[in-house]
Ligand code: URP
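Take a look at this one chain, the form predicted on its own, written out in structure tokens.
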């Protein structure tokens, strides 16, 4: 063998067992008691938790947004992801209005490869307009391997929003060719009305951002998107779901076997909207905004019930300078709050898995739940299974070894590996930490430090199981 991991507690989404893993040519060839087989490299994982490599379903690299591009490129961001136990990341191919989605998607794949991405990757095709030419391009995009799409139900003034008719047209065309459509679910009318209301009252503090997008903004949009998908007999993906009401919708859909899938993000599981009262609250301005403790508790419940299927970091590593670039200062050089002048987004690619591990340590979820929401369900829904998502024979040897007893405090961005000069997780403590990351049989992170190879990452061509579009009752 090329690699053997011995004596670890191997966890799947269905259960756990103590045993060994044998790897040859980047693939898992045996799991369990493998006897006296030898390997070039052997790792003793006794006392450690062994889980599948993480899949981050939501990252943003080298895509300009509100005038910012962030400190990470595909290489540096992938290094940080690997150090956090992520072996596959899903970014976005946000098609400009003057380009076609198929050609632009090819250019995004090329850019990631040219940059030397260090982990495996794929893209969601993001459309900010729909017309007959774009609809004719959908099949080619899916055949390329980008089997999932994202559209905005908000950002009308920025020229990115699709109306309900356009969303339905995309749902119909994507479903015809085996594609899954996902939405950024926020009601534009309510959000725009509240922004105008608060600005007319002269209110621009950081916390107004959250007040402009109360829970109903997301709740209504999730309901509407799910209804449109149901009308066409297909599935829908909800990106970065953040509210207790949204979690209730998802739990009911799960009970009914309806293919309404959702992702939440690590920051919604660890942070709450009280940070907007801080002087540096602008660093936490994201969309949807951070919520209340009650929302956070309901998100964990939905993960426990496996009604939230996937997790992402929504990694948008805008630097302090980028977050501040459109803000004004007073005579003393202090920033004048204006929530409308700050690019929405925050870094977090390295802390998705540690956030879920901390949830296990706190007794909120089990290790099996973690594997489901960190790896397995993303592979199943987005068309990467059985290549990714589980530690099974024939799968890519994407493996993370976790020290469940290690405690880490995020004292600042310097303890992380991303190229961003701030972290929203500063001051937080995590119990349990990924200590080794293995991608296709090669150790790329050891003792928390990147030891991998630039350019080792591969594009993952995806094809969605038709059952995923019909029902959520798959196993």
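Keep in mind the model is a prediction, meaning the values are calculated, not measured. Residue numbers count along the first chain shown, from 1.
Form predicted together with the ligand: not shown, discussed below.
Asker: Within 4.5 Å of the ligand in the predicted complex, heavy atoms considered, which of 121, 102, 372, 152?
Answerer: By the 4.5 Å criterion, the partner-contacting residue is 152.
Asker: Tell me, which of 298, 291, 184, 380 has a heavy atom within 4.5 angstroms of the ligand in the predicted complex?
Answerer: That would be 184.
Asker: Of the listed stretches (281-289, 222-230, 194-202, 164-172), which one has a non-hydrogen atom within 4.5 Å of the ligand in the predicted complex?
Answerer: After filtering at 4.5 Å, what remains is 281-289.
Asker: Thinking of 85, 352 and 417 as the candidate spot, does the ligand come within 4.5 Å of a heavy atom on all of them in the predicted complex?
Answerer: Per the other structure, none of 85, 352 and 417 touch the ligand.
Asker: Any chance residue 450 has a heavy atom within 4.5 Å of the ligand in the predicted complex?
Answerer: Residue 450: no contact with the ligand in the predicted complex.
Asker: I'd like to know whether residue 344 contacts the ligand in the predicted complex, with contact meaning heavy atoms within 4.5 angstroms.
Answerer: Yes, residue 344 is a contact residue.
Asker: Within 4.5 Å, heavy atoms only: does residue 65 come near the ligand in the predicted complex?
Answerer: Residue 65: contacts the ligand in the predicted complex.
Asker: Can you check whether residue 108 is within 4.5 Å of the ligand in the predicted complex, heavy atom basis?
Answerer: So residue 108 does not count as contacting the ligand.
Asker: Quick one: name the residues from 56-83 with any non-hydrogen atom within 4.5 angstroms of the ligand in the predicted complex.
Answerer: Contacting residues: 58, 60, 65.
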